[in-house]
Ligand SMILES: Cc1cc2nc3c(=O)[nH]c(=O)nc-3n(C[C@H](O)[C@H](O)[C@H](O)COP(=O)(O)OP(=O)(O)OC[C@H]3O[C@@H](n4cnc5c(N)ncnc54)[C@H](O)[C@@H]3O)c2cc1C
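Only one chain is given next, in structure tokens, and it is the form predicted on its own.
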């Protein structure tokens, strides 16, 4: 944050336009040139934060348009509490009203169809509207790689907030005593590393309390629990979770509620409720691919600015970027601030801050009253143009009631910083 303040002071010092924006003056009153145009595609934690901070720091020097077809964003963060009845989708719903009213971000509720990155820098929307941009920020989140065609209304992933989570909740509530809940964990990288293990704990705890004899089976594509192994592993033992590592989903049958996996051994598991979390890739995959932004499943970027290494003038943040840092809402929020600062400095001809840092924090409920936590800080390395974890700042907390209570303060701050 110190770096952001330094560059913001530099920005205000040399830009009467930005200062005029903060004072509520018009561009004409400030005698400034027409504002730069920045388009942000995607209204999740990364995209919404980027749009907000571009206007907070850029004032009237920049016009910001947020392209997001949905008028309501449902947070995946805390969505596992919907599964045990402690929350609901509506409690995790956010609009873009404050971004429009407080910060004068323009919201276009249409899907982006194509990106033109040539001399005529434009984004074409599904309503045939064309948006010109000087810099483009793309934050489309994640997409899924399904192993075969099956009905996700029968076998929900529930890895995006809202309807899918409510659907899985209704299926869990309909379980009987002695029924089986089978869930899969995708191979890394995927959104929210602790999330699947958190879900297994939350569901198993609820079933132990309300559906005696019911069990949870976890089929993990990874060789072991990838984060907080001791905390999650101990709860798996306590709740009677059947855990299998190193197994890859090869077939899903929505009619029989079965999932087939390869590994040791190859097997087919039958479920009363089947929750398959597929492997993941960058969201809006066709849009990014057609724009030349992808290399494999993710979009490679220069870590310091999140500018694409494939296409100049376009920045990719959040889950879709390919720097290797965890994919999660809190770190997407942090990436957005680094990116917004860099975009403003690049537009106004200022140096980009040389040593940015980003941090990631996460609380994971494991019951109706306890949670664990994990935090890490990453520092930009000029040697490798990458984010490097600072080892002393990374730590985990064992499940505790105090962590559960702290979790809501953390999420409320994050929600407010993003959408308010």
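Positions refer to the first chain, counted from 1. Not measured: the values here are computed from a predicted model.
This next part talks about the form predicted in complex with the ligand, which is not shown.
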Of 221, 89, 328, 311, the one that lies within 4.5 Å of the ligand in the model of the complex (heavy atoms): 328
In the model of the complex, the residue from 105, 347, 287, 294 with a non-hydrogen atom within 4.5 Å of the ligand is 287
Checking a candidate spot here: are 41, 319 and 361 all in contact with the ligand in the model of the complex (at least one heavy atom each within 4.5 Å)? yes
Quick one: is residue 70 in contact with the ligand in the model of the complex, heavy atoms, 4.5 Å cut-off? yes
Touches the ligand in the model of the complex: residue 257 (any heavy atom, 4.5 Å): no
The ligand contact in the model of the complex: residue 111, any heavy atom under 4.5 Å: yes
Classify residue 198 as contacting or not contacting the ligand in the model of the complex by the rule of any non-hydrogen atom within 4.5 angstroms, answering yes or no. yes
Quick check for you: of 145-153, 166-174, 226-234, 188-196, which stretch puts a non-hydrogen atom within 4.5 Å of the ligand in the model of the complex? 188-196
Are there residues in 134-171 with a heavy atom within 4.5 Å of the ligand in the model of the complex, and which are they, in order? 139, 140, 141, 159
